[in-house]
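One chain comes next, on its own, written as structure tokens: the form predicted alone.
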């Protein structure tokens, strides 16, 4: 899924940070433009949208919870039965905007991970940590690169767990809490087991962040032009 790119990783990280701030601050018109821009980026890198949606379908559950938490107000001290449920239109609009922003942020994060090598992420984070004394930049960089590297593996484990549960007709259970527990616990156990195996493999190979080869940065004018363009576009989207 990772593809080599010519843009400097440090500039790419700053661009993604600027776009993320713009997504959080933009109004609906700006969010529309940012969404179109994210879609155009996915087309440029040839990201498989159907595969992405299939892997992130569980995010819809969290978005539904966020939306209903904003759209519905429950009071236990009013109403004839002691409980009153009120639909809040303003809260529903705000909840929809929050879900929209979360979707765009997730999309940008997947684009960043799909187009950046873990070695480049590790070295870029280490470079950004250098000005802060006492901060273990190498350890932080290794942890971040491992998270990016093994997130697709965790999603694949989630797909396999879901397929195994479907073979056992777990989805026929009407209790959503039961289905969630039966899905979460096996996935958590498999993830922890994979993490233990990775730690043992790294220890067996005497891996140390101090011995890792640095990733070579090659910034040029196009990186600065891209950064200035993204910053200007983000500021415009926040202003509109």
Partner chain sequence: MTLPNIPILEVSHLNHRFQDGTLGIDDVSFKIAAGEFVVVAGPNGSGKTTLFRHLNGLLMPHSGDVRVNGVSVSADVLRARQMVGLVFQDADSQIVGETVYDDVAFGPENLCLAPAEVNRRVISALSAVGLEHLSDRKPHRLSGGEKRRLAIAGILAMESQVLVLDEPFANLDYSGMLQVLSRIITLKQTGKTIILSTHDLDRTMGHAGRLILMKNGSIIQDGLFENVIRQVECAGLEMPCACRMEAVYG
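Residue numbers count along the first chain shown, from 1. Small disclaimer: the values here were computed from a predicted structure and weren't measured. In this text, rigid core is short for the largest set of C-alphas that superpose within 1.5 Å between two forms.
FYI, the form predicted in complex with its partner chain isn't displayed, but the following is about it.
Although the partner is absent here, residue 106 lies well away from its partner chain in the model of the complex, with no heavy atom inside 4.5 Å. In the model of the complex, its partner chain stays beyond 4.5 Å of every heavy atom belonging to residue 180. Mapping the unseen interface onto this chain, residue 160 counts among the residues with a heavy atom inside 4.5 Å of its partner chain in the model of the complex. With a 4.5 Å cutoff on heavy atoms, residue 189 counts as touching its partner chain in the model of the complex.
Distance criterion of 4.5 Å from any heavy atom to its partner chain in the model of the complex singles out 170 from the list 92, 86, 129, 170. The candidate stretches are 180-188, 62-70, 23-31, 39-47, and the one lying within 4.5 Å of its partner chain in the model of the complex by heavy atoms is 180-188.
Scanning 106-132 for heavy atoms within 4.5 Å of its partner chain in the model of the complex gives no residues at all. Core-superposed comparison between the shown form and the other one: CA of residue 106 displaced by less than 2 Å. With the core held fixed between the shown form and the other one, residue 162 has its Cα displaced by at least 2 Å.
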